[in-house]
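Shown next as structure tokens: one chain only, the form predicted alone.
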Amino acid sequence: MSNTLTTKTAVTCENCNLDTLCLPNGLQRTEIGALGQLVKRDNIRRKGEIIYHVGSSFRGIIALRSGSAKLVSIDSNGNEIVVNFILPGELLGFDGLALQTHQCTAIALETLSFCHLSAHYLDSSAIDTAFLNQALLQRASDQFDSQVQKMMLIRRPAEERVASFILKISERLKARGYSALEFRLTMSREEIGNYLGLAHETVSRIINHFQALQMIEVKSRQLKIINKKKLLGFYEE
């Protein structure tokens, strides 16, 4: 059997199972077809490899097809700050859009693949940019809302931050067709703590406490939600 994908089996923007989460969401079929002609697919990064560096020139918008990544910034003392974790169907690159220079570094948390829409096409006459700009604005607004929620969460007690993090990851994975109750955390506890503004020892202590309360079960990085209602109630307190 040939290893070459046929037109029917090749993944495109029109048949991708992440189309309701990625840029095609909300676009007309003809618009999705036009977008699909411009996207470069099958870009691969291994765990720890860089997708783009802080200070590098903006080269376009990136959509994860599989795997996960972290978006990090560096403070004035040279410390790494985890800005966000990116899952399949979510976009990267907005940190370079305004100034045409990336303000963060994107790093693979595991082997991942992504699609790339070159910056050239964002202002190109090759497509009707009106629909594309509207889609990009919507995704950028979603990311802004997410960062506002994160800032509000950081003011909450440590236990609530960790409970919220677990539940949000669960919700995001469910939207992508994965199990909402059992999944692998690709980020370390140190990275989770960095993201939540907590020491990694605090994250570990709280996770152990949640296990003792029989809300979750954790083996290595595999997490299982045993009592979601109890975990949700803990978060809402």
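In case it trips you up, residue 1 is the first one in the sequence shown, and so on. What you see is a predicted model, and the numbers here were worked out from it, not measured in a lab.
Another form exists, predicted in complex with the DNA; not displayed. Remarks below refer to it.
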item: Heavy atom contact within 4.5 Å of the DNA in the model of the complex, the stretch among 49-57, 204-212, 65-73, 167-175; value: 204-212
item: Heavy atom of L198 within 4.5 Å of the DNA in the model of the complex; value: yes
item: Contact test in the model of the complex: D42 vs the DNA, heavy atoms, 4.5 Å; value: no
item: K219: touches the DNA in the model of the complex, heavy atom cutoff 4.5 angstroms; value: yes
item: In the model of the complex, S188 touching the DNA (heavy atom, 4.5 Å); value: yes
item: In the model of the complex, the residue from L97, A158, V82, I107 that sits within 4.5 Å of the DNA by heavy atoms; value: A158
